[in-house]
Each structure stands twice: as structure tokens, then as C-alpha cells.
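In C-alpha cells, one chain follows: the form predicted on its own.
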Amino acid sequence: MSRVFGDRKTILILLLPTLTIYVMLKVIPVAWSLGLSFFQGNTLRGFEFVGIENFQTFLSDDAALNSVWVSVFFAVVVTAAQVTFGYLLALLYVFVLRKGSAFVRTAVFFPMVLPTVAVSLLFKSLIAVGENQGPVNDAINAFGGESVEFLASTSGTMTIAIVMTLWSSMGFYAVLLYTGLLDIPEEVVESARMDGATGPRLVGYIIIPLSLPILLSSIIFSLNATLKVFDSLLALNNGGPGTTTAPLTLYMYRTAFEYAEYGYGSTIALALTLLCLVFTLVVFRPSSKRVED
């Protein structure tokens, strides 16, 4: 076996099919999209080289900048909430429920397998007003309040979108962080307890430092997933009211496929890619040094 893997030609032959598929499905489309960002037009009108004009347009486009703000706000709030609540659930599984946590883990993880559109329709029915009023407004009416049309305002739509995303994805991060906590040696935890570290001191001085790698990986994973949010905000309120809750992905989709501006759409896609890269580096670089220390 060592002779096989020591031969460069053999390694190249084994890797060639995978590399070919990766280049065809990943590298070429990305390079094509990058090239399109320097053009205007579409397949019917034809393409015209405009240099960096699309990038200048993006920086002065109020709708695009609002979409950047929506994406960043949604990503930061949802990541902070779902990693925090997921970590608390993981601590609950390991230190309180222990072996009896299987049912709770399954119940909390279950929304993750539901289609996003179905979850959006469920939440729209929960907060509906009018003849088919949902239970949320029924509860508000029961306490003497007036029905609230949550999706009529930007803050209401974002609040519902954040709650909906937390409900559907928090179980995934709880399970992910739970697997990280299981890797902490039991001897270390018991030694800390014998030295008097219990409760918040045990978590703050022992558990969090030892689970930092999986915690930081979860943050990076969550940031990249939420920056690319698309279907939940589209299905919930179509990016409305107006376009005030349209994330960058939705603005890119409308620009490229509804208005057939492929060049400007590619520019927006490149901006989103750079945004994900910046967030990843901001979290990864300082944290990697801390983990090594």
C-alpha cells in the first residue's frame, strides 16, 4: 500500500476524476461568473465590456447596499443566537440529561429536516391576521391587545425570520456542539470538580476553552450559511415590505434572472463571496492563534 501511495503517477490517476469534476462544477463556473462581472447585457442583447463600471454601480446602488446590510444583520444576529442557544442545549444534553437526552435531541433536531418553504408557511399561518387569524394574534387578543400584522413592517418581518431560522436550525448546532463536548476527557472534568470548579466556573474555565475549536467552527459555518440566506426571506414575505428585507442573494437573483442583467448579477455574487471570505477570516485568524496557544 505504501508503494502505491508513494507513486506520484498513481496518486494523480486516483485524484484526476475528482479534480476534473471539481474543476468543471466549481472552478469554471466561478471563473465564468468573475469574467461576466466586467460585462453588461445578456444572451439576447449581447454582452458589452464595461470594465469596473458594475463595481462602481454596486457601491452607489442604495438597494444593493441595503441588501448588504440585511444580509450582515441577519447573519450576525442569527449566528450569535443559534450558536449560543445551541451551546446551552449541548451543555444540557451532556451535564443534565446525559443518556436520557436522545429524545430531546431528536425533538429539537426535527425542524431541521423540514423544507424551508413549509416552515415559512407554518410561521405565516401562526401570525396571520383577519378571517384566518393565527394563534399568536389570538393570544394577543386574549390579553386585551390588538392583532399585529407582523409582516407589514421591516422589523416585524426580520423578527419572524430570525425566530423561524432559530427554531429550524438550532437543533443542528446543538447536536454539532454536543459531539464536540463529548470529546472532552471525563478525567479532566472530574479533576476540575475535585479542585472545586463547579457550575459556571467549570464551564467558563474548563468546558469552553476545551470546546473552543468546535465552537469557532460552528460560528464560521453559521455565518457562511446565514449570509447566503435566500429561501426563508423569499417565502416568508418575498423580501418585503417592498425590498427592505431582501438579502444580497435575493437581490442577485432578481438582477440576474428577472431583469436579465447577468453582468451586474455576477458583480453582486462576487461581493457576496468576498463578504463570506471576510467574515471567515475575521473569525478564523485570531481564533486559530488562540487555539494554538
Partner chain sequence: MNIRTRRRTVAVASTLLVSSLTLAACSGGDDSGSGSDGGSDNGSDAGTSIGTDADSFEVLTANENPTLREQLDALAANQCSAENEALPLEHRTIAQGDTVQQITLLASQGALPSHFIAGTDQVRPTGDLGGGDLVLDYEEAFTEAGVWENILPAASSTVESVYGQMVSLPYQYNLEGFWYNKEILAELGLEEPQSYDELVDAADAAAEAGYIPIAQSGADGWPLTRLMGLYIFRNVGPEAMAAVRDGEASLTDPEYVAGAQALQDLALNGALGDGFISRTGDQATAALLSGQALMKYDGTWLLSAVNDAERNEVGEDNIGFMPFPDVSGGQGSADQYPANAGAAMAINPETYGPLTADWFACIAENYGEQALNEAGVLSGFAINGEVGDIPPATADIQERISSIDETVLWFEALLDSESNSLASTNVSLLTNGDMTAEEYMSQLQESIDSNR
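Numbering follows the first chain given and starts at 1. None of the values given here were measured: they were computed from a predicted structure.
One more form of this protein, predicted together with the partner chain, exists but is not displayed; see below.
Relative to the partner chain in the predicted complex, residues 107, 201 and 218 are all farther than 4.5 Å at every heavy atom.
Proximity to the partner chain in the predicted complex, defined as a heavy atom within 4.5 Å, singles out one entry of 70, 64, 36, 235, which is 36. When the partner chain is considered in the predicted complex, only one residue from 119, 151, 94, 75 comes within 4.5 Å through any heavy atom, namely 151.
For residue 130, a non-hydrogen atom is located within 4.5 Å of the partner chain in the predicted complex, even though that partner is not displayed.
Residue contact with the partner chain in the predicted complex: residue 55 places no heavy atom within 4.5 Å of it. Within this chain, residue 242 lines the site of the partner chain in the predicted complex, having a heavy atom no more than 4.5 Å away. Proximity of residue 14 to the partner chain in the predicted complex: non-hydrogen atoms within 4.5 Å are absent; the residue sits far from the partner. Contacts of stretch 259-281 with the partner chain in the predicted complex, defined by any heavy atom lying within 4.5 Å, are made by 259, 260, 262, 265, 266, 269, 272, 273, 276, 277, 280, listed in sequence order.
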